[in-house]
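Only one chain comes next, encoded as structure tokens, the form predicted alone.
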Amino acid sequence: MGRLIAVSNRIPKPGERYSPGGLSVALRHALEKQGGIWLGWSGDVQPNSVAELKPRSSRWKNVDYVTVDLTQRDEDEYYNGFANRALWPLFHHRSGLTEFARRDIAGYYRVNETFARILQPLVRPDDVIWVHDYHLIPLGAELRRLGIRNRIGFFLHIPWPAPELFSILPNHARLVANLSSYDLIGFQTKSSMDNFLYYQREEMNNHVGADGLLEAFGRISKIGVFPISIDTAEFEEFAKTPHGTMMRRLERSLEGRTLALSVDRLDYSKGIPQRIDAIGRFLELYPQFRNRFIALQIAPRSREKIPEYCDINRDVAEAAGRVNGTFGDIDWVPIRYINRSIARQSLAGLLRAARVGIVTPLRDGMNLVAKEYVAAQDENNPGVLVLSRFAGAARELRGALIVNPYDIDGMAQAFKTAFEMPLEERIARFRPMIEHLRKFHVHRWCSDFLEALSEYQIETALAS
């Protein structure tokens, strides 16, 4: 196998040691081991008057990091527009928040064409290309149009929606045709894969074989489930390391109370207002728990140029204010709300200190915080994970208390169960989860996908 070429919307800075997120951890490891290129948006935006944007390249540990700026128009149409006001809400089953504009669809394809043009001269005949996530669905088709015949894989990090929802997209058939340019298409869960294949059969009349092969648009693609994970061993070590000032301040402020912790990007898919309402319901139903715990919600802001993200920030702050105003006292409030990110090493310490981890998205492709919470625990005195059934991680972390985030009373009952759970049961639930994460870590996810892609026969893909 030649080099690995990874393409994602954003990429970490070269030399950044602890990049947040499973994608960055896994790809950094694979690229440094195999050698290759990582292409993506720099995060910088230039005026629309810039005639041509030139890619920049820097090398670090056997990897060429290639970044390109976007124009303001590109950011508005490709990123803030079609990717995050059409695909993101629809794929997370929020059709009411989905907006379409033909100019945004055009911008989405235009940026994918730009990425393809930048990448095309860098590709060698034996390179393997791995494209990531909903921002770049058309990239494989653009590369094929430019004559690239290498193996190309695609992995979707978010859920694939039910066919009835997906077909709301004005360009749904074109997007699916674009995906047929990939040799391997990977999903987080079987339910996402099943949604995709059902659409292929029923909407497009394409053939789905029992062997996981899809015949569509003159090509044959392999379809598979590859649940992303974390660097379990690394995160376990982070959690065991003394964390200094922050943890001492936290311990003092708790004053012997139990810590419940939630960590989410500030996004309407994460179910944060519903979670806060459930904490209020918990205190209403079980007043004996008042003044006995602190629920810490960490939610860094994101996508602040999109109106819906301003709305969710307001909704979360108002929900926390209601609960604190109703149940708080002069020396205690049940919810602490922090609107900034926490360094990964410090986060591991916070997760370890939390007796209860609350991860209750309304819909999530995987949710790695759930896995990080398990990896951070003291195996002799582990906490309890309360996990949404609509997170991909719920398919793997069977020892969690699985809840419906739309059922406020049900979540309140789960909080009571979590706070009261005896040590013996906590350990019994924890052990199979940590054993699973030690076996199915992020490096295995990466190697499993690339192995499946490397085994794929290009001659088969070119059949008609």
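Model, not experiment: these values are computed from the prediction. Position 1 is the first residue in the sequence shown; the rest follow in order.
Keep in mind the form predicted together with a small molecule is missing from the figure; the text below concerns it.
Though the small molecule is absent from this view, in the model of the complex it lies within 4.5 Å of a heavy atom of just one residue from 270, 352, 275, 135, which is 270. The partner is absent here, but in the model of the complex a heavy atom of 300, alone among 321, 300, 307, 224, sits within 4.5 Å of the small molecule. Of the candidate stretches 339-347, 165-173, 279-287, 115-123, only 339-347 contains residues with a heavy atom within 4.5 Å of the small molecule in the model of the complex. Contact annotation: residue 364 falls within 4.5 Å of the small molecule in the model of the complex, judged by heavy atom distances. Within this chain, residue 151 is remote from the site of the small molecule in the model of the complex, having no heavy atom within 4.5 Å. For the chain shown alone, residue 368 is a contact residue for the small molecule in the model of the complex, at least one non-hydrogen atom being within 4.5 angstroms. Proximity of residue 88 to the small molecule in the model of the complex falls within the 4.5 Å heavy atom cutoff.
Although the small molecule is omitted here, in the model of the complex all of 157, 263 and 372 have a heavy atom within 4.5 Å of it.
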